[in-house]
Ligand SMILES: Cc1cc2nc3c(=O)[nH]c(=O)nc-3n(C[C@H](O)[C@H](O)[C@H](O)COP(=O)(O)OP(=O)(O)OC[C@H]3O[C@@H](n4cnc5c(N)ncnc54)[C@H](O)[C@@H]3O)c2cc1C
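The chain below stands alone and is given as structure tokens, in the form predicted alone.
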């Protein structure tokens, strides 16, 4: 595929950004889009062909714990920070739609290569957590929202820009972080000495990590920098880099804390509540990343079928293939629509309690469904390319390896569903906000109205609700997607697409597999909206 602009070629993205209030940022988004459909795609290939390597010791036998990356990965990171994947929302936090604009920027960058997602997501998401420690926030936040990428392994005071990671997961606990055994002991100067391990220590090349550890007052959050205040290397030893299914260009690690220096973020015993704001933002980024993978898979499938002939005509003109392509495009567009709506809720949360309550529950709903749908979506797109989609020269194997990650990272499917259940049961405001959002599309489609009635009954029936919650969350996600598409019609959105989504996803005129749209679906329109024309 020849180079293209990821922003100007994406009708659904431009409409969503405008709908959710971030048109003012179109110039900044366009500038990054010009790279993500061109030169950064090549950098993504090179970065994945040359995985990061752990350099534990220097030539004198001194412990260094450095991770060596291919130059292409550094170029991907440099472009991401320059265009704001890490800091755009915070640098523009007084403008309506700042998080929507930043979501669009990340959506574009992840299409070139998802390896930037982990460090950029955590750097962006760490800001609310750090604000629980004003002294650390004043020192670190300007470096974390910087547009300057500085990969040097030196103390943060000497750098023009920094990144931050996260260390929560331990091998005996997994998602149950309350089972963590890493210990933090308070010292006379107010700092802490941290001893223990982390089974997943994301992006170990970052300048610091937010870490959960058990202090005297309970599970607490700490900032653990790569270097101590005196400039010496902190006592965080990388045991190995993970040999992962995908996400090859990025590094993930296991580490041991051997008396590492850490500073408290928030009060002792409040580690989970301190870091939960960070987790909420990284869960939104999981949705953004998965939606981006759907988009890239869709445009690859359409491009191939427009340029491949079989049985006397182009594949894109074959009726059955057109059904598949249109269904891929519909799934992709619905994923993006919900993601950007939740980004708007996050954006408004500081000033609007209704939007904050909606973001609280809808993020978990969207994270569950969109990330769950991505592997099957990418596989269907891969099949459109046939054998070509199974060889490394195409981007499809990389997308397929990457596709399951976001459904696992930041809480697997069951964790998300139980989180939804807790929010609806314990936080009346979240339930009220969710159903207010859903009812705003009432009367626009009969299938939608029927599903909405069933959802109210399903949640009112407490019998076996935990057993049924996956199905309920799935239906909530589909209803939320439909509500965004239906309400968009009031602002110039396409009613045919909204109706096709309702018939296929809510009304039962769709099979389990993609490519089973009914004959009334706007096949040509869906394909054309998703096409990157040569």
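Numbering follows the first chain given and starts at 1. These figures come from a predicted structure and were not determined experimentally.
The form predicted in complex with the named molecule is left out here; the points below concern that form.
Which residue among 356, 415, 136, 455 has a heavy atom within 4.5 angstroms of the named molecule in the predicted complex?
Only one listed residue qualifies here, and that residue is 415.
So the named molecule isn't shown here. In the predicted complex, which residue out of 234, 146, 430, 169 has a non-hydrogen atom within 4.5 Å of it?
Of 234, 146, 430, 169, the residue with a heavy atom within 4.5 Å of the named molecule in the predicted complex is 169.
Only one of these stretches, 199 to 207, 380 to 388, 150 to 158, 218 to 226, has heavy atoms within 4.5 Å of the named molecule in the predicted complex; which one is it?
That would be stretch 199 to 207.
If you check in the predicted complex, is residue 174 within 4.5 Å of the named molecule, heavy atoms only?
Residue 174: contacts the named molecule in the predicted complex.
Any chance residue 409 has a heavy atom within 4.5 Å of the named molecule in the predicted complex?
Yes, residue 409 is a contact residue.
Any chance residue 267 has a heavy atom within 4.5 Å of the named molecule in the predicted complex?
Residue-level check for residue 267: no, no contact with the named molecule.
Does the named molecule get within 4.5 angstroms of any non-hydrogen atom of residue 132 in the predicted complex?
Looking in the predicted complex, residue contacts with the named molecule do not include residue 132, since no heavy atom lies within 4.5 Å.
Could you list which residues of 241 to 280 come within 4.5 Å of the named molecule in the predicted complex, counting heavy atoms only?
Counting only heavy atoms within 4.5 Å of the named molecule in the predicted complex, the contacting residues of 241 to 280 are 244, 252.
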